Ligand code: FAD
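Okay, here we've got a single chain as structure tokens, the form predicted alone, with questions on binding and movement later.
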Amino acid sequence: MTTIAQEPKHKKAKALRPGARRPAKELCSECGLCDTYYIHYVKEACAFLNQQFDSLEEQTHGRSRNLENQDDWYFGVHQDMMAARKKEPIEGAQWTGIVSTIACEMLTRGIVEGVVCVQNTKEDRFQPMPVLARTPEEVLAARVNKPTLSPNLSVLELVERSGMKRLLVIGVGCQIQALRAVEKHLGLEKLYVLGTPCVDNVTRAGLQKFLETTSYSPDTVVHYEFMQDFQVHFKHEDGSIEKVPFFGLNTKKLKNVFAPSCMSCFDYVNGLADLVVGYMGAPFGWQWIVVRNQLGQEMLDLVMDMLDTQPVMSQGNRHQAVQQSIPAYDKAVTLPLWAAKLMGVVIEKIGPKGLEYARFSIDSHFVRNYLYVKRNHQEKLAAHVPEFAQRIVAQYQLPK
């Protein structure tokens, strides 16, 4: 008797039409899962419907975070950290091009057959366009961060239809949690995940409001980043760098610009990626690399001879700065520009650096996000805020 293989259940599911309300409602991060038939798994997979760090870390890394180790609270499961930069930077990259170089090497060497990454539309440099890149040229076309919500997982159906068995996915925490939850259904022989830390994304309209409120020339901004010197660095088309102090931002106008999903997120450091490349734990001008498991080490090994590296360092004490920032943010305090610049200079000289700056940033955002969830989604608070985040927040006195 011949047995006919049944088609997987998810292939019978229908993706939501564009503009339809997603299951996570206002907390949807637009990761793209609901734009595919993998929506069949959304109740299990969505980071905002089912927070499951412990089980997914165990699945991905072979262990969950050790809550007796504060470094695990902050940086997740990891086996190595370093600061690095490319000896020969990629022209036009946001930093020196480490992420793009790893992806290109993996394609060129045949380690993977495709790379999920994000280009931009022809009309708008900040409008994300997820693609399944098959050539280094397509990967390089995706360089530079797009600081907007991006449906990276919308290409998963294309991956399955292509017959690819070896894949690299580049993404942020909410996307990667959903990816890990459906990983076993993708039919892949090998999945590599290269993550970036992520915080405070916006819709495209929200980004425009941020640019117009903060930059002297919003239409010429190529990319921007909140940097370790406590200033927002805007790079413009002519190559010039505009710097705006954190403490001089118009908090009243910008307080509600960030996506509710980002205000409810506790995966700043992308804890489910194999390898994470960011900047916040490194000295100014360097990138911060976190190797979480052996697959991450394999990816880093491909480019080590192209990098200058140095050990991570930690300096200063973040606690007072974080505690003082809580009521200031809560009351939407904006300093005069001269005072903001002066405070930025002082904090840069005596404030947290390296890993302590990373902890400062994590503390600040986790406290803010905890308060947001408590005030707006009280019913989700206990299940949604992971234990490591609760321990971080418990270090501070919170407003009602």
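Everything numeric in this text was worked out from a predicted model, so none of it was measured. Residue numbers here begin at 1 and follow the sequence given.
Note that the form predicted together with this ligand isn't included here; everything after this is about it.
No residue in the set M263, A328 and L371 has a non-hydrogen atom no more than 4.5 Å from this ligand in the predicted bound form. Although the partner is absent here, E225 sits close enough that one of its heavy atoms falls within 4.5 Å of this ligand in the predicted bound form. The shortest heavy atom separation between R318 and this ligand in the predicted bound form exceeds 4.5 Å. In the predicted bound form, this ligand sits beyond 4.5 Å of every heavy atom of R180. Although the partner is absent here, A93 is a contact residue: one of its heavy atoms lies within 4.5 angstroms of this ligand in the predicted bound form.
Scanning M280, L249, V159, M82 against this ligand in the predicted bound form with a 4.5 Å heavy atom cut-off leaves one residue, M280.
When this ligand is considered in the predicted bound form, only one residue from V144, V244, A259, V155 comes within 4.5 Å through any heavy atom, namely V144. Partner contacts here mean any heavy atom within 4.5 Å of this ligand in the predicted bound form, and among 233-241, 182-190, 209-217, 145-153 they occur only in 145-153. Scanning 184-216 for heavy atoms within 4.5 Å of this ligand in the predicted bound form gives T196, P197, C198, V199, N201 in sequence order.
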